[in-house]
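Next up is one chain by itself, shown in structure tokens, the form predicted on its own.
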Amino acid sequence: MKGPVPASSARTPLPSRVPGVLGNTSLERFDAVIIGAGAGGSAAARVLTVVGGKTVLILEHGPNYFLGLDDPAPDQPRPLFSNDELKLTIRGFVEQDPLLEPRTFRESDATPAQFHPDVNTLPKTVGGGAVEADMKYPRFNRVDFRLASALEEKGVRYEGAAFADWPVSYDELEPYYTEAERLSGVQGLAGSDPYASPRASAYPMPPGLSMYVAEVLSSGARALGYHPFPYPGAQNSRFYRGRPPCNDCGFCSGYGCPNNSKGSPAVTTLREALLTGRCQLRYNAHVTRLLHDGQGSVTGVEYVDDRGQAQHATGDVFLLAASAVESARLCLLSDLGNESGLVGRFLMFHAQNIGVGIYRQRLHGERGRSVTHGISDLRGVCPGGDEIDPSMPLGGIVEFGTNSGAIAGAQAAVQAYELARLQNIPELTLWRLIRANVFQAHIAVTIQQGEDAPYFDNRVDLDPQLKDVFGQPVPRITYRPGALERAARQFYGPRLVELHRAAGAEYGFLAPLDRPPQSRHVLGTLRMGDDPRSSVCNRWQRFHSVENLYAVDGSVFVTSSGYNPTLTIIALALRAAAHLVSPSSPERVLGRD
């Protein structure tokens, strides 16, 4: 990369007046090109521009729903989001169109892949999938980064699983976790989770108000000897870095935030990068191929712009941040970086086990942040997070949630009515089911983000038959739960239902597994490691075989852990970008505005 660009020469009048472009529209050459404006790409852009003084081009496949995102005026961007169930959950306002950009799914090589409308797709928008997420931002445990060694030490094996130690430790990543929490604005209470690994500082903000459903489920958890705690989340509990506190409107998971209190990448790291004048973002820009010289260097990217025209962009270094599925797909389409044969392999989601409870009292999901509390007692680690607990399978953090959507509740009532008809229960009429409002006001869920082991055969490759609207082979997802996931469901499923019983539920059951998984946590495919024979990227997330190509999304994960992954994606992206800016002392970039 070239030297820093003086701030005075990089600045231009903002905001952009060019359709399809945000930021400095006068920039023509770039130190770095980032593919994807989600959690990882935005974090890397912030370090490169704000701290490193580099010029950055971001190519984002989705549209922009944040009016004034690059406007330096003190007012925050005006997002085109609202608490509109029809717009967001029924009409798919920010979703990938499965007819234009389909995916296929199969459970093994022995079965043909079939078109499926949702193979763990993520929202298409400037800011990425975190725009619609409910921003649960826990850290991984210290043992997660040496999981293969920890399992071996305890004599624990899961057939077929390809566990490996990460090339980076928790202690190395801890300062970047702190920075990720500072930039995103994470609320939490240090010391409240006995299974959490040590942290060097308090959370930027204290926890906000707890939801009523969290109080109900926490009482049941305590009765069973568990340790409920305020779930760390990137929603402001007070005014923070120019954004207001959350008003607990109830529409968090699956919705963009209408007042920017949610610390999504668009209004945090990405906005800060754009306001430097050193960043240009082109949205509705679908990258189709990475160009390379055949000698281990990327020379440019081809993409289709917002008018459907083929375009070309160049830079010194290139960072993939398109998601684990799309980043791997792009490498395969470009015939790049796959000398090990591992591109697309070890695909992981999260093995979500969901306990459902029906309660007599209303649980008021219409107020709150979707999830305010949870437990780590079912993660499968010892207190302090340094070792695994061999007496139980690897599990995951458990979220205490409910349903905030009236339309979603009514849809569930329709399904219940159909079941009642089949069972010949005439008194359960549709109007009675909807009026009872059981599936919105009286339902609670315990959602376990269970460890999903890396298996060689779980992967992304190119479908040999189906193509997308751009004429390219679509991603083919091959995925099947293995020995760990089956053992964890058998062990933890009854405990999730038992928690509801202890909390006073009238009925409880374990929800059936989704096929394909719907966790929205998409990991692996470009795993990092020190050995080029067993990994795709090195410890700084650079491709072993491509000197100027990095991956800064969830694709580099070696294991999935049992925690929500976004904070770790951001921390790793900050670390990779910091190494690009300051190779000899990357930590010097931390805490700088």
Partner chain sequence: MPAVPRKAAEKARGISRRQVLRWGILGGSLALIPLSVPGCGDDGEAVVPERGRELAAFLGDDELATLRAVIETVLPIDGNTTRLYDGIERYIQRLLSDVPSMDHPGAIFAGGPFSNRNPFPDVEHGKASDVFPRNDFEHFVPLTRLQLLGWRARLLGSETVDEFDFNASVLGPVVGLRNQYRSGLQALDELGHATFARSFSSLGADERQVVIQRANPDFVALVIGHAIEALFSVPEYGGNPGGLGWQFIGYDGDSQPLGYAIFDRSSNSYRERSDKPTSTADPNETFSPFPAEIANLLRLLTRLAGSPRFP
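Because the structure is a prediction, the values reported are computed rather than measured. Residue numbers count along the first chain shown, from 1.
One more form of this protein should be noted, the form predicted in complex with the partner chain, which is absent from this view; the next part is about it.
**Q** If contact means a heavy atom within 4.5 Å, which one of 328-336, 148-156, 453-461, 356-364 is the stretch that engages the partner chain in the model of the complex?
**A** Comparing against the partner chain in the model of the complex, the contact stretch is 356-364.
**Q** Every residue in 228, 538 and 568 with a non-hydrogen atom within 4.5 Å of the partner chain in the model of the complex?
**A** No, because 228, 538 and 568 lack any heavy atom that approaches the partner chain to within 4.5 Å in the model of the complex.
**Q** Go through 470, 240, 170, 195 and name the one with a heavy atom inside 4.5 Å of the partner chain in the model of the complex.
**A** After the contact test, the surviving option is 470.
**Q** May I ask you to choose, among 163, 93, 479, 176, the residue with a heavy atom within 4.5 Å of the partner chain in the model of the complex?
**A** The option sitting close enough to the partner is 93.
**Q** Is the gap between residue 245 and the partner chain in the model of the complex 4.5 Å or less for some heavy atom pair?
**A** Close contact exists here: in the model of the complex, residue 245 approaches the partner chain to within 4.5 Å, heavy atoms only.
**Q** Contact with the partner chain in the model of the complex for residue 345, defined as at least one heavy atom pair within 4.5 Å: yes or no?
**A** No - in the model of the complex, heavy atoms of residue 345 and the partner chain never come within 4.5 Å of each other.
**Q** Using 4.5 Å between non-hydrogen atoms, is residue 63 touching the partner chain in the model of the complex?
**A** Contact check for residue 63: yes, within 4.5 Å of the partner chain in the model of the complex.
**Q** Look up in the model of the complex whether residue 427 has a non-hydrogen atom within 4.5 angstroms of the partner chain, and give yes or no.
**A** So residue 427 counts as contacting the partner chain.
**Q** Within 541-572, which residues have a heavy atom closer than or equal to 4.5 Å from the partner chain in the model of the complex?
**A** Heavy-atom contacts to the partner chain in the model of the complex: nothing from 541-572.
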